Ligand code: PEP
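Only one chain is shown below, in structure tokens, and it's the form predicted on its own.
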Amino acid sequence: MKKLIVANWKMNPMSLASAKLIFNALEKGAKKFSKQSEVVVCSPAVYLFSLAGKQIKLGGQNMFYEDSGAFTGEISPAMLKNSKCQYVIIGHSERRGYFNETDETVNKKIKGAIAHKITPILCVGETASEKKQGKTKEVLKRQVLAALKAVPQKKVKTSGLCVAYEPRWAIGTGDACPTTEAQTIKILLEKIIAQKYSRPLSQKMRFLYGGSVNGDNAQDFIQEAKFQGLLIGGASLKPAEFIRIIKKAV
């Protein structure tokens, strides 16, 4: 199974010229590891039509669940598909926190992405407060089951859906989740999927870790915590560091 390394550029960079420079540098570096890894760049939507590479696949950072209509400012799954996106991040903590994304809307988006043959990267994770209260397992189970409500096993399997654990308290803080703790969470997520669907599906699904990942700790999350991929934020805008992360992960 190839390691899935996803770059989430968030609301960066500030120009198309910069986006192309970063993308082309990542494309060149990722070529060396194409046999062991699958690399996805989730850029701001305004750049998607202008980015194209042989080694790197494109992904959306978010999407609405309807195909078209009077939804000012939204991007539909059909639009992402037409811009050659093969992946889309759904339920990122920043969408949940800043834009009031709910478990219900996450579920609708998962279904919309699958209907358009776009692979969803489902993000789940607890806040610092929830962690302190000992609610991590409860929160993760709720988020996963709610996101996959009424989504048949066959569709989950054929879509290649991935689950990314991003503890909200670790994102952008520089304080990544301890490896042993992350491994426990990964095992929990596998168990939740196995109980809802089947153990074979949980064993074939790719689980990603995200949250203050860098070239120094990337290998730990893959080799020790046993994740099958990584979701990278700020470091993905620094080509040398991102390529270093890929090298460590594979």
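It should be emphasised that the depicted structure is a prediction, and the values quoted were computed from it without experimental measurement. Numbering starts at 1 and runs along the sequence shown.
What follows is about the form predicted together with the ligand, which we do not show.
With the ligand left out of view, the stretch that reaches within 4.5 Å of it through heavy atoms in the model of the complex is, among 129 to 137, 103 to 111, 165 to 173, 68 to 76, 165 to 173. With a 4.5 Å cutoff on heavy atoms, residue 60 does not count as touching the ligand in the model of the complex; it lies far away. Using a 4.5 angstroms threshold between heavy atoms, residue 229 stays clear of the ligand in the model of the complex. The closest heavy atom approach of residue 213 to the ligand in the model of the complex falls within 4.5 Å.
Residue contact with the ligand in the model of the complex: residue 238 places no heavy atom within 4.5 Å of it.
If you take 71 to 97 and check each residue for a heavy atom within 4.5 Å of the ligand in the model of the complex, you get 92, 94, in sequence order.
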